[in-house]
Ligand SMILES: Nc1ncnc2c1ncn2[C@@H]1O[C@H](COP(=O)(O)OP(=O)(O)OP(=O)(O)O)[C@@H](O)[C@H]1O
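Next comes just one chain, in structure tokens: the form predicted alone.
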């Protein structure tokens, strides 16, 4: 285990600071406790110890957004407390990168549980906290690769977490091409040589996108390599990914084979992508029937309509009635922005940050991260 972390408490209420300190004073897993009423001084101390610290930040009396952003530049182990534990407050705190939210008054057992988990480097890396999001369509040419790429980038920006974008379109992957990357390693090589490595070695097998927290793993270079990958390899890969990344976005093939079914089964969220025309909708019907036969939870599969135009002859209501599913998200048709992004080898937000499609990808990432977070909110309710 690495050096014991120091716990830094930033709280304007003296009684609250002292209570938290008393709860933790005999905890052997931490190096010590530092209490700050002055948040500026607390931030300066955080900068000195950097990531070998656990920060408990009370936002009850603080305009928190900018301060949380600043704190998160220097540490990843952040616990937020507040006397306001409305759903909006909790979701906002977790979306901004807090590992945990604790309502005030803080309960000793809950605080100790969280501190112990973080100090033992278990909490931020446990598999249950990581989410696999697969972008899938059983019909080619729908635009799922563009969706996977831009969703992954926006999730990284919105959540400020490590995000993996994995190309599991094993024979015809395009992620590296779309982003103009020439990766050193591919998914086949990683499965054979990096699965059991420590995080700092494992992550080096990924291509980092422009110094961001988005890491890309490309499809196999040769078809023979793709054919050697089994469903058991997919399981091992996902287990390794979930130890390192908060969000894992999968770009899949359109095939329905053993590997695809394993990916879909293991995914926490499936973004089933279609467009508004009769052949695509008929294909969507067949695929949604398949999902139902595999008894997926009702909230696991979300239908995404790509290249949507308000003037389409077939209305969204018609699609919903035909599929017997609500449309989760509509991505507007913006051919020129998408093609410029592909031709330049960048994400849409780097072509036109305020385009309708750029806004759509950003808002989709926010909705997905909020929906995931809201599932955990009820545990904080009293």
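If you're wondering where the values come from, they're calculated on a predicted model, not measured in any experiment. Positions refer to the first chain, counted from 1.
Beyond the structure shown, there is the form predicted together with the ligand, which is absent from this document and is the topic of what follows.
Problem set entry | in the predicted complex, segment of 193-201, 179-187, 83-91, 140-148 with a heavy atom within 4.5 Å of the ligand | Of the options, only 140-148 has residues within 4.5 Å of the partner.
Exercise. Counting only non-hydrogen atoms and a 4.5 angstroms cut-off, does residue 57 reach the ligand in the predicted complex?
Worked result: Result no; residue 57 lies far from the ligand in the predicted complex.
Exercise. Should residue 307 be counted as a contact of the ligand in the predicted complex, where contact means heavy atoms within 4.5 Å?
Worked result: Output for residue 307 is yes: heavy atoms within 4.5 Å of the ligand.
Exercise. Even though the ligand is not shown here, does residue 339 get within 4.5 Å of it in the predicted complex, heavy atoms only?
Worked result: The answer is yes: residue 339 has a heavy atom within 4.5 Å of the ligand.
For this session: Would you check, heavy atoms only and a 4.5 Å threshold, whether residue 34 touches the ligand in the predicted complex?
Result: Because no heavy atom of residue 34 falls inside 4.5 Å of the ligand in the predicted complex, the answer is no.
Problem set entry | Contacting member of 52, 333, 352, 322, with respect to the ligand in the predicted complex [4.5 Å, heavy atom] | Partner contact (heavy atom, 4.5 Å) among the options: 333.
For this session: Could you work out which of 207, 233, 174, 100 is the residue within 4.5 angstroms of the ligand in the predicted complex, going by heavy atoms?
Result: Comparing distances to the ligand in the predicted complex, the residue within 4.5 Å is 174.
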